[in-house]
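One chain comes next, on its own, written out as structure tokens in the form predicted on its own.
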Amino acid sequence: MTDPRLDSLIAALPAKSVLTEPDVTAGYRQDWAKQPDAGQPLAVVRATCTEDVQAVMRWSHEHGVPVVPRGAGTGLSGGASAVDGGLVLSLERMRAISVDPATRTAVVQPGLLNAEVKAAVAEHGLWYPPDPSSFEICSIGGNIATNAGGLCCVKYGVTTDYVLGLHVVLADGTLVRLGGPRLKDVAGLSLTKLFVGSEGTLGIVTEITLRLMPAQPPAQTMVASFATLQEAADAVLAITATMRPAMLEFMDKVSIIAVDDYLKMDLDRTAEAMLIAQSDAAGAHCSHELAEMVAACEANGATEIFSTDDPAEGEAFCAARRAAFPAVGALGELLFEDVGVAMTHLPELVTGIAEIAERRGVTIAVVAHAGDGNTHPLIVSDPHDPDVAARAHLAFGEVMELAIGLGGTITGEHGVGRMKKDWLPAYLGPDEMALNQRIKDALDPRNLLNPGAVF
């Protein structure tokens, strides 16, 4: 039986926007983090426009019902886990886009996938750089929520660097329009930046103005194998000391073997680590940069080096890196991490994670956006084996504590969500944590927006 409180919400929205059937709402309870304690939502609302979102938040404010915003459900930190008795507000049907080649901007709704935005702007000879490994299936709204990065962020930056403006619905249903299609604008506080990465806890983004770039030049690719983690990490430091590569990715032995099993690519299964790097510099400088990368790897003990100017060959190795999550996921249930450190501490972080895996007796595969120090330890667990699950969760916390001890962060791009919130106070410290809470309280005093995430 439908909760009678929903009658007024159903009446305020387009037909079939409010879903209450248990077999349907069950599919909206979790994101990729697959938190087993995700709640049972009162209903799922599939918004079609900003006005729908306003109607939902006005109803929420009136009835005191919490709202969990949701994009494509590909988040990795439990940021879109449902709460008992709340609404899941899905933005998947908000998919409009308009491109202005003259200003190199696009106005998009949050339900579009990252890949769809890339394809739409490419028709105008333009490029949207942020490229999470899940770019083919993750939404722009989710990217905004976590300030997602990606493989090319070492040179081109992350999501926030391409957000010029937002339309945001606040907890009481108020719509605010922030920024716009201007490259320089310092009037007022930088509120646009405040909402990017706020994980749906401060407001719900319903429209985004994105900054675009001319199409990316053709890239050349290098792949290098190493006999030790330390040598690979040292090669990363040598490369980044002299250039900003278009891509510089790391895979450890566990991830190499998992991907090779998954894609049958004939990767070097004896290597302890592999680097995948690209240059997209203009003209002859591209080959020059690639040669410098090769020299840096040779100087740091690379056992095998392959380079190519064939885009198809290069993309095949990029696909290997992108396939790491599903490939390692075939080994068991995953606990996803995305800790990051300053570049000089990358060797200590990578070797420290390997020590944690050995001490706890669990499998941890490490892939990384090595060029900016953002690592993705993938901890293999087994929810059906309490002992393995317990050791995996201990390792999960120890990896974050290791990163904090090295002056790093507990999340570089996946967000805090619900999985990492217990470590946030230790990372931020009491004063910064209190400031975060004051901002949350000011914008969402009744804690209706994504309660239980981050705060």
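Quick caveat: nothing in here was measured; it's all calculated off a predicted structure. Position 1 is the first residue in the sequence shown; the rest follow in order.
Quick note: we don't show the form predicted together with a small molecule, though the next part is all about it.
S.K.: Which of these residues, Cys297, Val205, Met251, Val339, gets a heavy atom within 4.5 Å of the small molecule in the model of the complex?
M.R.: Exactly one residue meets the criterion: Val205.
S.K.: Name the residue from Leu275, Leu346, Leu87, Ala80 that puts a heavy atom within 4.5 Å of the small molecule in the model of the complex.
M.R.: Contact with the small molecule in the model of the complex is made by Ala80 alone.
S.K.: With the partner left out of view, is Val121 within 4.5 angstroms of the small molecule in the model of the complex by any non-hydrogen atom?
M.R.: Close contact is absent here: in the model of the complex, Val121 is far from the small molecule, nothing within 4.5 Å, heavy atoms only.
S.K.: Against the small molecule in the model of the complex, would Gln230 count as a contact residue? Criterion: heavy atoms within 4.5 Å.
M.R.: Flag for Gln230 set to no.
S.K.: Would Ser133 sit within 4.5 Å of the small molecule in the model of the complex, counting heavy atoms only?
M.R.: It does: once the small molecule is placed as it appears in the model of the complex, Ser133 has a heavy atom within 4.5 Å of it.
S.K.: If we define contact as a non-hydrogen atom of the residue within 4.5 angstroms of the partner, is Gly71 a contact of the small molecule in the model of the complex?
M.R.: So Gly71 counts as contacting the small molecule.
S.K.: Given a 4.5 Å cut-off on heavy atoms, tell me which of 378 to 386, 231 to 239, 297 to 305, 138 to 146 is the interface stretch with the small molecule in the model of the complex.
M.R.: Correct option: 138 to 146.
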